[in-house]
Ligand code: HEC
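Presented as structure tokens, the chain that follows is alone, the form predicted alone.
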Amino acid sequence: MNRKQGKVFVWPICTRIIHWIIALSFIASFVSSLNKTYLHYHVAFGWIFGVMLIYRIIWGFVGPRYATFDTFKLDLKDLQWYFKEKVINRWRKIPAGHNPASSWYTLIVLFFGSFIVISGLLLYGVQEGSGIFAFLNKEHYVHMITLFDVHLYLSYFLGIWACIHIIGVLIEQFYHKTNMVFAMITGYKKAEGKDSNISKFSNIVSYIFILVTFSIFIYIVVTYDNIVTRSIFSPVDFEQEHKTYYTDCGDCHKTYPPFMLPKRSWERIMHNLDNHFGEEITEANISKQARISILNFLTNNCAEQSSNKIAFKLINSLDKNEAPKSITKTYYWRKAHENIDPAVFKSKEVEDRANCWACHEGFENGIFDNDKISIPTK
């Protein structure tokens, strides 16, 4: 017997919660990806999305009536008739469970959503050198651009399908008057069929899964250095790494991480110290022996020798023989900073485009984490 006349109880509360967590975590992941300083939150929301997809796949085999895959309507003829009937019969009856369109949409979310999560974890490891796949950075960093494109376009693809799904639900709600918007809120659909039931054990397991998922989210957000976000790029003490570079060059300006420029740039800079950005550096300032030592250190740790994303993207942005004397003269730097108001670089906190320390926390130790960027107000 149905609990409400004329309606079928289709979605238990745990199923509804999972549905909304999947939807909202995808939206939150998408929005947080639009600002690189929110990368930490992007990762956290991505983990929620991924864990919930795993739950939904398991639910598709062991869940209650209407949630399992064997109730999905996947025949293409049924899908064709579904859209045809929507046009010719405004007041048609709707199935209690998934209709052909929502059946296919659910599989699209699970399939492409899984690839989005996997590509995201791989990208986080390969490009950022962070997370559970951070060990892949050293050997596979050259694939970071390909992984980024795969992750990006899959996300947009699923985002488009999500918009199509929402439009379909709104058509059902306001044109066909099926109250579809409220089905995933109340759990009831205006349809014919038997009410769905869920065992006490399945209910408990579902809530444990939900609790664990939110615990993972809080763990990632609250603890910056954890197993799913930890970076292989440790802060570098350049005074310990090469004291001569740190002291001799650091007498006039802060020292830059060597991977910020290619080998040919460092050679150009060190071989032309008589005109070093308008200053003459003599042997009284830096001895000949010190110059050789500094040059060897810089070229041995230059962009070509690093798996850091800054180094790789910088090299890829340069022409074959291009040897910029400053990273601010490169296309990569201009592209990365194109949305920053020029007035910021003239502010008291920054004063100069080469003052990377003003915005990048940990820059002096070779750290370029996106979520450690703090742009001063003008």
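Think of the rigid core as the biggest set of C-alphas that the two forms share within 1.5 Å after superposition. In case it trips you up, residue 1 is the first one in the sequence shown, and so on. In this text the structure is predicted, and so the values were computed from the model without any measurement.
What comes next is about the form predicted together with this ligand, which is not displayed.
**Student:** Could you tell me which stretch in 242-250, 227-235, 93-101, 139-147 has residues with non-hydrogen atoms within 4.5 Å of this ligand in the model of the complex?
**Tutor:** Looking at the other structure, the answer is 242-250.
**Student:** Exactly one of 48, 28, 315, 344 has a non-hydrogen atom within 4.5 Å of this ligand in the model of the complex; which residue is it?
**Tutor:** By the 4.5 Å criterion, the partner-contacting residue is 344.
**Student:** Select from the listed residues 220, 123, 116, 286 the one whose heavy atoms reach within 4.5 Å of this ligand in the model of the complex.
**Tutor:** Checked against the cut-off, the match is 286.
**Student:** Kindly confirm or deny that 19, 56 and 154 each have some heavy atom within 4.5 angstroms of this ligand in the model of the complex.
**Tutor:** Per the other structure, none of 19, 56 and 154 touch this ligand.
**Student:** Check whether residue 209 has any heavy atom within 4.5 Å of a heavy atom of this ligand in the model of the complex, and answer yes or no.
**Tutor:** Flag for residue 209 set to no.
**Student:** Does any part of residue 62 reach within 4.5 Å of this ligand in the model of the complex? Heavy atoms only, please.
**Tutor:** The answer is no: residue 62 has no heavy atom within 4.5 Å of this ligand.
**Student:** Indicate whether this ligand has at least one heavy atom within 4.5 Å of a heavy atom of residue 304 in the model of the complex.
**Tutor:** Output for residue 304 is no: heavy atoms all beyond 4.5 Å of this ligand.
**Student:** Is there a non-hydrogen atom of residue 15 within 4.5 angstroms of a non-hydrogen atom of this ligand in the model of the complex?
**Tutor:** Result no; residue 15 lies far from this ligand in the model of the complex.
**Student:** May I ask you to list the residues of 259-280 that have any heavy atom within 4.5 angstroms of this ligand in the model of the complex, in sequence order?
**Tutor:** Sequence-ordered list: 260, 261, 266, 269, 270, 273, 276, 277, 279.
**Student:** Once you line up the core, how about residue 39: does its CA shift reach 2 Å between this form and the one not shown?
**Tutor:** After core superposition, the displacement of the residue 39 C-alpha between this form and the one not shown stays below 2 Å, so no.
**Student:** Relative to the superposed rigid core, does residue 15 relocate between this form and the one not shown - that is, does its Cα move 2 Å or more?
**Tutor:** It does not reach a 2 Å shift.
**Student:** Could you check whether the CA atom of residue 370 moves 2 Å or more between this form and the one not shown, using the rigid core for the fit?
**Tutor:** Yes, its C-alpha moves 2 Å or more.
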